[in-house]
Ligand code: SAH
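There is one chain below, alone, in structure tokens, taken in the form predicted alone.
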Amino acid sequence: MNNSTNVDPSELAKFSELAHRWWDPNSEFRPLHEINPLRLSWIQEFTRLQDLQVLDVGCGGGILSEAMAREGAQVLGIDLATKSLRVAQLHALESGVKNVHYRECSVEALATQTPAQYDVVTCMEMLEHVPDFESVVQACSRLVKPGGWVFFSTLNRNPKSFLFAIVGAEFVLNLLPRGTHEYQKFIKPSELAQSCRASRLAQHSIRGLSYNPLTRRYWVSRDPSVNYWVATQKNAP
């Protein structure tokens, strides 16, 4: 797929309409605010962030980007949603976080410009929103240095995931706006693993993200049947 076409305009429009609410912890982005400490701790299980060059792919309003910058990383967040990036830039300015920067470009385009420039690449809650997830995986691999880490999170494709991530989260519990996810874009762990292997990314760990609607608590689990996270490392040439 052409680098410039690996984007769904309806997905960009969806997040652009909500851009002004990215940093409201009680908004539609509440789940991201609640899981962000878990995401950050999980990444730090594999690598320190202090003084590293980090790329956050599909950064949105910068929730994870800014958190990694606060840990001492030099962070570049990229996205194709202009309004979300403006919100991210403004929040970083207001918060005084100087070691995070944002750029409007695709991961494929950046991979042709600055290959092997990053110690860590994160691509969280993004793969299920693009037409060709394998193109994104390949680009992430090109951008990370040999021995560097690439972290992915996405949604499994199975009946349980449809029930929990779409019916439950969007229609019953109203955790997410209706239409946030499209089931056909969900990715089985085996499909992501195959794409990682083809891109010289060795999978080190797979974890699930679980949620209890009664206690409203998220936790990292060993159940990847709905949301799951994958830690990979770039093989040496």
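Residue positions are given as counts along the sequence shown, with the first one as 1. For clarity, every value in this text was computed on a predicted model and none was experimentally measured.
Separately, the form predicted in complex with this ligand exists; it is not shown, and the next lines address it.
Checked against this ligand in the predicted bound form, the candidates 73, 166, 111, 124 yield a single residue with a heavy atom inside 4.5 Å, and that residue is 124.
Listed residues 139, 155, 87, 130 were compared with this ligand in the predicted bound form; 130 is the one with a heavy atom within 4.5 Å. Note that among 201-209, 47-55, 32-40, 186-194, the stretch whose heavy atoms approach this ligand to within 4.5 Å in the predicted bound form is 32-40. For the chain shown alone, residue 120 is not a contact residue for this ligand in the predicted bound form, no non-hydrogen atom being within 4.5 angstroms. Remark: residue 220 does not count among the residues lining this ligand in the predicted bound form, judged by a heavy atom distance of 4.5 Å or less. Although the partner is absent here, residue 68 lies well away from this ligand in the predicted bound form, with no heavy atom inside 4.5 Å. Among residues of the shown chain, residue 228 is not one whose heavy atoms approach this ligand to within 4.5 Å in the predicted bound form. Applying a 4.5 Å heavy atom cutoff to this ligand in the predicted bound form picks out 80, 81 from 80-109, in order along the sequence.
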